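Shown here is one chain on its own, the form predicted alone, set out as C-alpha cells.
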Amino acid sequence: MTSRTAVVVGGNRTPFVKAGGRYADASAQDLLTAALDGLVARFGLAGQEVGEVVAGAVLKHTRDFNLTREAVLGSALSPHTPACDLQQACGTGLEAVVYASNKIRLGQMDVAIAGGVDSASDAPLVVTERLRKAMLALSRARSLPDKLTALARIRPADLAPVPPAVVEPRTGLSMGESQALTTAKWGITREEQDDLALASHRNLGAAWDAGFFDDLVTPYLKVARDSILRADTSKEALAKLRTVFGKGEAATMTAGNSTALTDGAALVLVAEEEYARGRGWPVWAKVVDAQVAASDYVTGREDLLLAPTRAIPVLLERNGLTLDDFDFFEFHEAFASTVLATLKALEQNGVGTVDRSKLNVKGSSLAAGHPFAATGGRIVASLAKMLHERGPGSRGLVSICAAGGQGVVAILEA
C-alpha cells in the first residue's frame, strides 16, 4: 500500500455568486448536489458507488447535520455511496481532499469525491438564549400549567433573532477587523492591496475567456460564470471605494480588496493512480503532502490568518523543497492584505520569497468569491489542471487560512 498514489482526476463546481444574488433561494444541500451531479455527469459515474464523498459547510442549519450524505442521496450516484461531513472553517475543502487522499493511499478505497459548500444567503439565524431555554422547557412540559410557566419566561426582547456574524468567539472581532490589525502591523498599503485585487480580477477574467473553466464548472440556476468577477475593473475604480475595516489612517481595506460573502459549491474527484488510468480518466496531479498549523492569535502575539506561515516551512522541510521549487502558488485571498502579509512573513522568517509571477495566475478568491468550505475544492481542481498543462514534475503549493487561527497547506505535483 505504500506505493499507492492519490491523484486529482478532475473537479466540478457551481459558478460562485455574491450572497443575496441568484442563489438566494438555494440551500447548501441544493448547491452541493448540483456540483456533485455535474461531476458525476462529467465522469460517467451515474448509478455507480464511490468509495466516499467527503465535504462540509461552515454555515450549517441543524437540519444539515448529515449534509453530504443527503446530497449524495439526492444525486445520481448510487445510494450505497457513503459520505462524511468534515469542517475546518475555510480550510474545509482542502482538508477534505487530504482526508480522501490519505484513505486512498492507505488502500481503504480507490476513488473519492471531496470538497465543500457554503451559502451565505442561507445562513442560519440564532435565537436568544432565554428563548431557546424557554422553548426547550415548553417541549418537555406535559401539563397546561407547566406549558404556561415555560411561556411566561419569554420576554418581548427575547423574540429578536441574533443576526449571523463571522466573528471569533475568543476575541469578538470579525475576520475583517482581525485582518485590519494584521494589515497595520505588517505595513501593507492600500495601493498594494488594490494591485493584488486588480490582478486577481484580470487573471480570472482571462482564464474564463480562454475556456480554462469549461471542464471545471457546471452552470446552475442560469448562472454560467462567477458573478463577483469584474474583469473590466481598474486601479482607479478600486481606489474610489471607501474603507470598511480599520480605523483612521490605518484603514486601507475596502470591499474591493476583501472577499465578498459568497454562495457556491466545489468538488474534486480523487483516485488511486492506477485505478484512474484503468478507467481511462485523466491524471492531472498527485496529492504529495499536506500540513496544518494554528496560530496563537488570542493573546495577540500572532495573527489570526497567518497560520499557514507556520505550516509551510514544516511541509517544505519534510519534502526537501524550497519555495524556488514551485511553478505555481495558490494562496487563498481571504483579503488582499492576508496574502501580502503572508508573503512578507515568509521572507522575514527566512522561508524564502514567492515569485509573484507564479502567484494566483488564474485569479483567486477576491475575484471568484469565497463560499467558505468550497474554496479548497476550487483551488485544488484549478491547480491540478494548471500543473497538468505545465507538464510532468511541475509543482504547486496551496495555502489556505481559516477561522480560529488555523492554516492548511498542501503540495500537488503533475
Partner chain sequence: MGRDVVVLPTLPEPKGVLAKALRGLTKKPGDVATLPARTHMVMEHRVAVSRLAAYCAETGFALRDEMPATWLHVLTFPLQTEAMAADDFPFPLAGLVHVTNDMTLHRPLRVDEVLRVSVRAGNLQPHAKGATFDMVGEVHVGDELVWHGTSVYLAGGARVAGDAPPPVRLAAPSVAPSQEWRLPGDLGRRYASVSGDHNPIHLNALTARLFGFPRPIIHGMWTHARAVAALGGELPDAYRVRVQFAKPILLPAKVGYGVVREDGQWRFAVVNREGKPHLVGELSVARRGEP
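Residue numbers count along the first chain shown, from 1. This structure is a prediction, so every number in the text was calculated from the model and none was measured.
There is also a form predicted together with the partner chain; it is not shown, and the following applies to it.
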The stretch from 225-233, 89-97, 294-302, 75-83 that lies within 4.5 Å of the partner chain in the predicted bound form, judged by heavy atoms, is 75-83
Residue within 4.5 Å of the partner chain in the predicted bound form by heavy atom, from F213, Y220, F328, W281, is Y220
If we test each of L45, A26, V361, M386 for a heavy atom within 4.5 Å of the partner chain in the predicted bound form, the one that passes is A26
Tell me, yes or no, whether D30 is in contact with the partner chain in the predicted bound form, where a contact means a heavy atom of each within 4.5 Å.
yes
Exercise. Examine E52 and determine whether its closest non-hydrogen atom to the partner chain in the predicted bound form is within 4.5 angstroms.
Key: no
Original post:
Closest heavy atom of D37 to the partner chain in the predicted bound form, within 4.5 Å or not?
Top reply: yes
